[in-house]
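One chain is shown next in structure tokens, namely the form predicted on its own.
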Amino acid sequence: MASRPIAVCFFAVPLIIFLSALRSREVLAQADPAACLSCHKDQAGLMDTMHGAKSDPASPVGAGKACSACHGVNPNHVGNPAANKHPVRFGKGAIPAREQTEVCMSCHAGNRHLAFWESGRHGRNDVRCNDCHAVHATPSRGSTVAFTRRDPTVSPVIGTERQLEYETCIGCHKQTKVQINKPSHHPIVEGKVTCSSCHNPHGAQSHAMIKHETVNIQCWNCHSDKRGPFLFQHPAVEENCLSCHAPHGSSHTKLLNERVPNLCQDCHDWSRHPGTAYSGDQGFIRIPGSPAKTANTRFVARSCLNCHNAIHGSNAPASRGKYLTR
């Protein structure tokens, strides 16, 4: 009777070793990108990305994990892919968006740009990393990552082979798509300014996830000539650049919210420069020898900026600086 357990062990041990070997071969096959790409040929662009860098020990392929680093391991996947999905699947409705993001964060959480992902608008609205990043796609020339593109480009002239960042953002931000195509706009569609020049898409504690503490500091990052300090500061400018300007685009010159003088008269009383017609004894300007005794203060056919051209602030002395005039 004592010999039976020994006999069972004699046959069980080789069987366990054999099954373990099969399992190891299966795991190795899923760690080899070539084994996965033999079926998933449409994902071959992975090998041109940082994830597929064989020479980088920090990349999934360089670390010997390949596809299983993100998708997990299912030993039965190769034998019957339809019935045996990988534990982690990416895409809408595959697994919860938060779990998909956590897979990416397991490697990328140390990136300082991701420090406020949880508090950012994208993170709080279940935006997944692969909503913006095409992880398996070949990056465009001059880039290390590829972005998703849902719509055709809106640029009237294609002057670069690079995939422009805004083409990914406008897939969700439709209103911004309209604004950047208005006559006056930041050179976003031209590829000179990107959305991430002003915003941190990976999360920030500031309004609209801008990269600096306030809107004004963000604008001064490029428009340093408007920073001052000025002896006489325009209060509206000091408070917020967006009081007068539309950041993405406008139908009015210089990205203004309205045309001048309507924009100025939103804050300034019209009493000093009424919009009524000219009188008989006052002309547009004071011309020597004319019937007009004084120059007219009426605002018909004039612009505020004809006189008040130092609109962001002035260091001129006395009333010239006080009223931001020439």
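Numbers for residues come from their place in the sequence shown, where the first is 1. Here the structure is a predicted model, which is why all the values come from computation and not from measurement.
Note that the form predicted together with a small molecule isn't included here; everything after this is about it.
Contact annotation: H268 falls within 4.5 Å of the small molecule in the predicted complex, judged by heavy atom distances.
Residue contact with the small molecule in the predicted complex: R141 places no heavy atom within 4.5 Å of it. Shown alone here, L231 lies farther than 4.5 Å from the small molecule in the predicted complex, counting heavy atoms only. Although the partner is absent from this view, D48 stays clear of the small molecule in the predicted complex, with no non-hydrogen atom inside 4.5 angstroms. Note on contacts: among V78, V178, I95, A115, the single residue with a heavy atom within 4.5 Å of the small molecule in the predicted complex is V78. In contrast to the form presented, in the predicted complex the C-alpha positions of K92 and N74 draw closer by 3 Å or more. Between C132 and K92, the C-alpha separation grows by 3 Å or more in the predicted complex, relative to the conformation displayed.
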